[in-house]
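Below you'll find only one chain, the form predicted alone, shown as structure tokens.
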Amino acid sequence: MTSSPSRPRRSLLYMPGDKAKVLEKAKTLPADTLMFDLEDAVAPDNKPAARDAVAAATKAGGYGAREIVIRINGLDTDWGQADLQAAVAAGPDAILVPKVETGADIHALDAALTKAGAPDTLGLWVMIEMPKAVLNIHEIAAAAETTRLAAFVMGTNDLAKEYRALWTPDRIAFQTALSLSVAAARAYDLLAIDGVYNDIQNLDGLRAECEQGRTLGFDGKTLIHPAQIEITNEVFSPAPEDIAQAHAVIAAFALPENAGKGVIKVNGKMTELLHLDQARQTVAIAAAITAMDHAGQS
């Protein structure tokens, strides 16, 4: 299953599934994607109630153009199988599964989704948060060729725990995992979503980490608080000058005198056909963002 690259996924906000007011408030937030969480954000005693609440909220709708993703508990837990059944029945855009480690895990999850009655259009997103997942990242990504796999979501908090690593502003301990995950995602046409930033009050730190994630090639970033949405949307949106250059590249290649050329000069810059592909992607993303903003995501 291929991803939808022209759909904005700049900001992906985790919402605890057992908080009814939070699920309702999400209808007013400018996040591109809402991640209804049944796993880490929900205490064990509250998981059945959270499952019911998330299923009901997803079925009821009212979230406008926002993408809805339900993060379930692992199928090897006491709640995972029931979570999967309820999530499939609720009809979100995708289901996010934690702690995968191998390509075989992806095939097993895809089979479980099929058995639960999931349509082929339901995306399978997975957390990359275990050391074995990093070591097996190629075979995990390659499973996308024959399954619903559509996205990698980095679980940097779990990686820190599993690595026994120290968290530093430059995230040096996670650079290999982050870069390998982006490379594997791009090789198999998957979305690549960066991990969360924990210091909610430190907006300068958030901006720096968003900029780092954008530099590494991530499509967007998972968030833990609505206060983080504005900066994340800004950083992961194409800059006005990049949009202008993209339009100029498209227009230049469309000129009769440039027909059949592989390399031309646009605004003083050497421009190849690969830049034309990038320009079209930039314009498509910018148009999608504008449409969502004008609609108020309603």
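The model shown is predicted, which means the values in this text are computed figures rather than measured ones. Numbering starts at 1 and runs along the sequence shown.
The form predicted together with a small molecule is left out here; the points below concern that form.
Note on contacts: among 264, 41, 243, 231, the single residue with a heavy atom within 4.5 Å of the small molecule in the model of the complex is 41. Here is the short version: of 182, 90, 196, 118, the single residue with a heavy atom within 4.5 Å of the small molecule in the model of the complex is 196. Only one listed stretch (109-117, 182-190, 221-229, 205-213) carries heavy atoms within 4.5 Å of the small molecule in the model of the complex, and that stretch is 221-229. Using a 4.5 Å cut-off to the small molecule in the model of the complex, not one of 7, 217 and 292 places a heavy atom inside that distance.
Taking the partner from the other structure, the small molecule in the model of the complex has a heavy atom within 4.5 Å of a heavy atom of residue 200. Mapping the unseen interface onto this chain, residue 25 counts among the residues with a heavy atom inside 4.5 Å of the small molecule in the model of the complex.
None of the heavy atoms of residue 53 is located within 4.5 Å of the small molecule in the model of the complex. Under a 4.5 angstroms non-hydrogen atom cutoff, the small molecule in the model of the complex has residue 13 among its neighbouring residues.
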